[in-house]
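In the block that follows, a single chain appears as structure tokens, in the form predicted on its own.
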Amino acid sequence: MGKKSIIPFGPQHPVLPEPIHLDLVVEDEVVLEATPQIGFIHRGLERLVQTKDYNQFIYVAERICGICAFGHSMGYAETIERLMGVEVPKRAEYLRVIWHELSRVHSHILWLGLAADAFGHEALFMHCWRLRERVLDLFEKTTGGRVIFSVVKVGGVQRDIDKSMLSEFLHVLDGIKDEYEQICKAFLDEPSVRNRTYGVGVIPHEEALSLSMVGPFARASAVNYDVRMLGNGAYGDLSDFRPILSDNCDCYARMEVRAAEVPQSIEIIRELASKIPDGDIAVPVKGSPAIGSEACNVLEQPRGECYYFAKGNGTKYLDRMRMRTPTSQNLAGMAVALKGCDVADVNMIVLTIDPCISCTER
């Protein structure tokens, strides 16, 4: 037997896009155990509900993560609307979902570029970034922002999208879809990618369920769960939504599932753009959450289910705002995926999980 050692992996590493910190117990070149270390960039954002009123805090929630920014503002707003019994106009629900699915497209293209770079495909990385810029251009034209959008508010949205802009959405996304599928084929069919991901980081279906894994990470282990299935908001008006699943349970399966979700999101945007009703985009919201009132909400972020909880105290300041993000839910699964792998595969396994440490360390 070789000698056991503890290797600190991260928070800074040439390949990792996120400041994740792992303590790896290794024997020779094999990882026996991986322990995530939390708190490196903790910012204490949830406590700010005591100093920012429920309308102001939406801008704090949006800054939990630059990639998941729109989803956090949408999930927070929906939670407060449930807390106060506010009914959002139907058009606002459609606009939120269109932007949210556009955010998923942006997040997954970003992930694919980072994954390609980790495998040494720098040209493919730049192609992904070029496609991502087109998505950010659409955000900028309709919200005014490219990373932080500040377009969602309690009661609806701040801005509308007219028919001509929705048509431009579809035109741009059609071009992105064709190029994206070519890039995915070139990357996923690459022998070196297949050799390093097939059968690596396997998490069986039963174990994925017992660990309560969420998002593409879970669906790659055949966990048939996606919050969009619940039909909240405009998702309830989709003609047919089925989560993309794989039963291979390895790193390659995670890449396949996440890659296939981009064309799916584009089709969701297309369908909602054709069905979007006329009407108001917001309703006035007055008053404060009642004393002792509580509400919770779930939203399918690009990385998986995000859970929101809010508690009112009769003032414009909340007693509590809690967010359980997908990565914090998936850390246990990540530790299992790393167990037994080669040290050289650690960074690749972490990238296929697509962790967001900003979301985790709020």
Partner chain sequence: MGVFKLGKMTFGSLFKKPETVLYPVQTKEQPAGLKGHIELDAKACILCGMCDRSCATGCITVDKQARTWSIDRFQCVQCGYCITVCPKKCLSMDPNYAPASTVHASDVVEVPEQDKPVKAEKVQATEKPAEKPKAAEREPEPAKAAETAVEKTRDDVLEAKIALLDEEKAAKVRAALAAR
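Everything quoted here is computed from the prediction, not taken from an experiment. Residue numbers count along the first chain shown, from 1.
From this point on, the text means the form predicted together with its partner chain, which you will not see here.
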| query | finding |
| --- | --- |
| 4.5 Å heavy atom contact, T35 to its partner chain in the model of the complex | no |
| Contact flag, R130 vs its partner chain in the model of the complex, heavy atom cut 4.5 Å | yes |
| is_contact(G144, its partner chain) in the model of the complex, heavy atom dist at most 4.5 Å | yes |
| Interface membership of A186, its partner chain in the model of the complex, 4.5 Å heavy atom rule | yes |
| The unique member of E179, D117, E256, E271 whose heavy atoms fall within 4.5 Å of its partner chain in the model of the complex | E179 |
| Interface residue in the model of the complex among D137, E206, D162, D174, criterion: non-hydrogen atom within 4.5 angstroms of its partner chain | D137 |
| Candidate stretches 104-112, 121-129, 271-279, 217-225 - the one whose heavy atoms come within 4.5 Å of its partner chain in the model of the complex | 121-129 |
